[in-house]
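Given next, in structure tokens, is a single chain: the form predicted alone.
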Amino acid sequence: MLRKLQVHLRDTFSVPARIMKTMSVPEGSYERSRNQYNSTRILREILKETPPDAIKILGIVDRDLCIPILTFVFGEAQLGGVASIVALARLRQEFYGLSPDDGILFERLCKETLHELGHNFGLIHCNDRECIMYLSNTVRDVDRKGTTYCGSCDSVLYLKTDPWRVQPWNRR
């Protein structure tokens, strides 16, 4: 799945994407009272592993993530920053008592990855329910939204990126 995501990101952003070594989940990120992992603590550790030549870094964890003010998160990103994280746990059909489906999981992973990277590039949540930047409060929201940035978000994204390194993408 990581190799497929690597190709998807390379094709979407027109920049090379590479898979790095596996990191262990940081000590102190598990919140026993919630039976979840604090995404911000993990994000800090991911940031420490950023290669000097990286434009962005994305961590993918197979854990249920939370932040203090929300019951759970599908991911977290530094707005306008370098690092982001996406959690697979609630993207899996099995989390909801359904049979595993790698196709659905991969589609959800792609959506949430592009969403979090959008935040890294400075995008905020969008009101367009079809846009990848639409806020997902449930997995149904993830499934309902589209697979690309809306025209408005795409334009902002293009203006916020270096046109010599990142080319326009997902033009409608």
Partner chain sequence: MESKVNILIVDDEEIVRESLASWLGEDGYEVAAAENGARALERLPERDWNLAMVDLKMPGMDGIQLMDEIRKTRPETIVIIMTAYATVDTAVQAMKKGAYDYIVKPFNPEDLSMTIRKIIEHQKLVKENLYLRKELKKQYRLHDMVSKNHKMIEIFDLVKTVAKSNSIVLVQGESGTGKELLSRAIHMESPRKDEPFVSVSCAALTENLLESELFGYEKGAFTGADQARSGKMELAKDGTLFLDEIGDISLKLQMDLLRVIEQREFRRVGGTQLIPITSRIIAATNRDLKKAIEEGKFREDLYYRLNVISIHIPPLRERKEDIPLLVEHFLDRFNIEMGKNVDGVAESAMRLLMEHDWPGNARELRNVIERAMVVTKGRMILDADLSLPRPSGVPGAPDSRGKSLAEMEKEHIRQVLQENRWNIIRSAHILGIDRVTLYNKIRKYELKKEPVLNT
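Everything numeric in this text was worked out from a predicted model, so none of it was measured. Residue numbers count along the first chain shown, from 1.
Here the subject shifts to the form predicted together with its partner chain, a form of this protein not shown in this document.
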{"property": "Contact label in the predicted complex: Leu98 to its partner chain, heavy atom within 4.5 Å", "result": "no"}
{"property": "Residue contact check: Thr113 to its partner chain in the predicted complex, 4.5 Å heavy atom", "result": "no"}
{"property": "Touches its partner chain in the predicted complex: Arg44 (any heavy atom, 4.5 Å)", "result": "yes"}
{"property": "Contact flag, Asn35 vs its partner chain in the predicted complex, heavy atom cut 4.5 Å", "result": "no"}
{"property": "Residues from 65-80 in contact with its partner chain (non-hydrogen atom within 4.5 Å) in the predicted complex", "result": "Ile67, Pro68, Ile69, Leu70, Thr71, Phe72, Val73, Glu76, Ala77, Leu79"}
